[in-house]
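Quick heads-up: it's one chain on its own, the form predicted alone, in structure tokens.
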Amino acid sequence: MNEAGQARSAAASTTPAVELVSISKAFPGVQANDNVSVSLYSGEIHCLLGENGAGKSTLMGILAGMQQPDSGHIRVAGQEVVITSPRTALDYGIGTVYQHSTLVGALTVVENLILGESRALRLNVSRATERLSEFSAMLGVEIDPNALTSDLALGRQQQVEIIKALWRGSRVLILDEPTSMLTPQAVTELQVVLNRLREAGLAVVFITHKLHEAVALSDRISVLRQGRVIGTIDREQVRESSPDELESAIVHLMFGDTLEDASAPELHIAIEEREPGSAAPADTVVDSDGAAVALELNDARVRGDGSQPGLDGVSLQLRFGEVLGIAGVDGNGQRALAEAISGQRRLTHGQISFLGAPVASLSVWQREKLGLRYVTDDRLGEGIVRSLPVSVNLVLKRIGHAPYWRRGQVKRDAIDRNARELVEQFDIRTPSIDTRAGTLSGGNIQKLLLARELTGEAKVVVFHKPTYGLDLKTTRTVRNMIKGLRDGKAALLISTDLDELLECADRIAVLSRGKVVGIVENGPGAAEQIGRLMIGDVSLGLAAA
């Protein structure tokens, strides 16, 4: 924060803008919030951190009027209030910007902003345009009032969402995972906007899983664990600590130890078949540089699905010992790419080759048997059958095949033995192997999928948003598994999280409207190049490939 902002903050009232006092909320079998107290101050960015299931979403849902607490109360500017609905929250000056856009794409920016205003018989569009200019100037952004919101980049849509919250007079702003789908340039713009909001005296709640964002932006940081506030790092400690010291303090609060030590039991996952550094199969095709090619797409074309684009002439090579990243704003053909490779969607043109042999005509099962595996982003809808036990879900793609089925008979002992081994090996937290898979947490469902796809004869694994919505600890575990595939295998990592791609991938291809618009070697300056390609700067072309 600059000196002017510090002076304004110091001069502000010591009364919190909002206080959540002794909030408790339970659902059947789950104590989501347990006597939680958090104070939000004007002119501050208060970051809320915690693993999945820690209670962050429930707590903010209560503040936003989406849930009612079982006990405890809320104070706004020192006065106790009852927030019974989102409308009531807005009346008390509490606005929420959700992770996914709530704008109506067919309407213009200014139409979205005045949508729902019914106090006058006629809407004053000219006055609304003036107000938009005032808010834009305050935030330091430029927004065309007449642009259709569907035509705006995600970062610009998010700015409109923030203005929409301010439009209703919000003095407290809740931001739920605001950077999860933004380009690096949009993240930088958001940070500028948040600083402007802080200087304007708003109280901002910032929910994120990314430690570096919390460290860079926050004035105060609260950590939730198992429904309780385990600790808060106050303004003075934030200001006096180095970024590394802050990260260590946060990790200690979240896990009680360093992140590496906390996650160590989960990181020792055996990647079968080859020792580290071993070569690809002897008969593998090599590219012009002599590298062994594991998977290749040549002018692959796939029809879109509804409003989602398909593939429009995609050509890619994935080498053994490599993690190839696929970047892009969500909804630009990522699902079509993943499903075309896995066999769930047929090509209309082109070819897919696996280990040098064409596989476009093969079924999902045939590709899976060859060692081509797919970890879907739709864990609940596609990845598992929620009503079936963990044990059966671990062999879901092998139903009817040996050794788990013989002559039409289920081999229960083999299925259970396999499940017990994988539950232990991949640290899947489940009451038993007979527990219905749909009752597991998101992180444990993801580890179930990884256990199923990484074992056996896995050679190439396609990951689609593998850590989306996971907590810090499980995210670290999954990313280490992906990087471990460099040892004699290969991975295609499709992700909307650029930090994830920069951490895991050797090269990163950018997908836009179903086309590969550039391939960037990972290293210094890669984030900027990828961001430019994501927002449509194709002058880089494929020169970086």
Partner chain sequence: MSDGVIPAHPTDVVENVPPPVGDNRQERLPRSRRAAALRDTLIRSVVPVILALVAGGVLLLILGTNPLKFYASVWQNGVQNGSWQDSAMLAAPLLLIAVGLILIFRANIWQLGYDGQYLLAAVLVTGLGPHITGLPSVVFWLVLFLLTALVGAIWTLVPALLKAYYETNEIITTLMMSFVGIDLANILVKGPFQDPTVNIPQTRTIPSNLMLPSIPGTRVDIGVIVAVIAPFLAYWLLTRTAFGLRLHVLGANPRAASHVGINVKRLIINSFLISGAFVGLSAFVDILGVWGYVRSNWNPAYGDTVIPFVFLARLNPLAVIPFIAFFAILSNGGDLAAANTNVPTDFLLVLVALILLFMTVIEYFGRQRDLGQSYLPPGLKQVFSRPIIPRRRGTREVNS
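Numbering follows the first chain given and starts at 1. Worth saying up front: this structure is predicted, and the values here are computed from it rather than measured.
One more form of this protein, predicted together with the partner chain, exists but is not displayed; see below.
S.K.: Spell it out for me: taking the partner chain in the model of the complex, does every residue among 102, 177 and 389 have a heavy atom no farther than 4.5 Å from it?
M.R.: Heavy-atom distance to the partner chain in the model of the complex: all three under 4.5 Å.
S.K.: Heavy atoms within 4.5 Å of the partner chain in the model of the complex: which stretch in 198-206, 228-236, 133-141, 398-406 meets that?
M.R.: Only one stretch passes the 4.5 Å heavy-atom test: 398-406.
S.K.: Of 457, 330, 245, 421, which one comes within 4.5 Å of the partner chain in the model of the complex, counting heavy atoms only?
M.R.: Filtering the options by heavy-atom distance leaves 330.
S.K.: Of the residues 170, 317, 467, 376, which one places a heavy atom within 4.5 Å of the partner chain in the model of the complex?
M.R.: None of the other options qualify; the answer is 376.
S.K.: Residue 369 near the partner chain in the model of the complex, any heavy atom under 4.5 Å?
M.R.: The answer is no: residue 369 has no heavy atom within 4.5 Å of the partner chain.
S.K.: With the partner left out here, check for me: in the model of the complex, does some heavy atom of residue 111 sit within 4.5 Å of the partner chain?
M.R.: Taking the distances in the model of the complex, the answer for residue 111 is yes, it comes within 4.5 Å of the partner chain.
S.K.: Does any heavy atom of residue 440 come within 4.5 Å of a heavy atom of the partner chain in the model of the complex?
M.R.: Taking the distances in the model of the complex, the answer for residue 440 is yes, it comes within 4.5 Å of the partner chain.
S.K.: Would you check, heavy atoms only and a 4.5 Å threshold, whether residue 382 touches the partner chain in the model of the complex?
M.R.: Within the cut-off, so yes.
S.K.: Just to make sure I understand: among 405-437, which residues lie within 4.5 Å of the partner chain in the model of the complex, judging by heavy atoms?
M.R.: Sequence-ordered list: 405, 408, 409, 410, 412, 415, 416, 434, 435, 436.
S.K.: Could you tell me whether residue 32 and residue 444 have their C-alpha atoms closer or farther apart in the model of the complex than in the shown form, knowing the shift is 3 angstroms or more?
M.R.: Their C-alpha distance shrinks by at least 3 Å in the model of the complex.
S.K.: Would you mind telling me if residue 148 and residue 517 are closer or farther apart in the model of the complex than in the shown form, C-alpha to C-alpha, with a 3 Å or larger change?
M.R.: Residues separate in the model of the complex, at least 3 Å farther apart.
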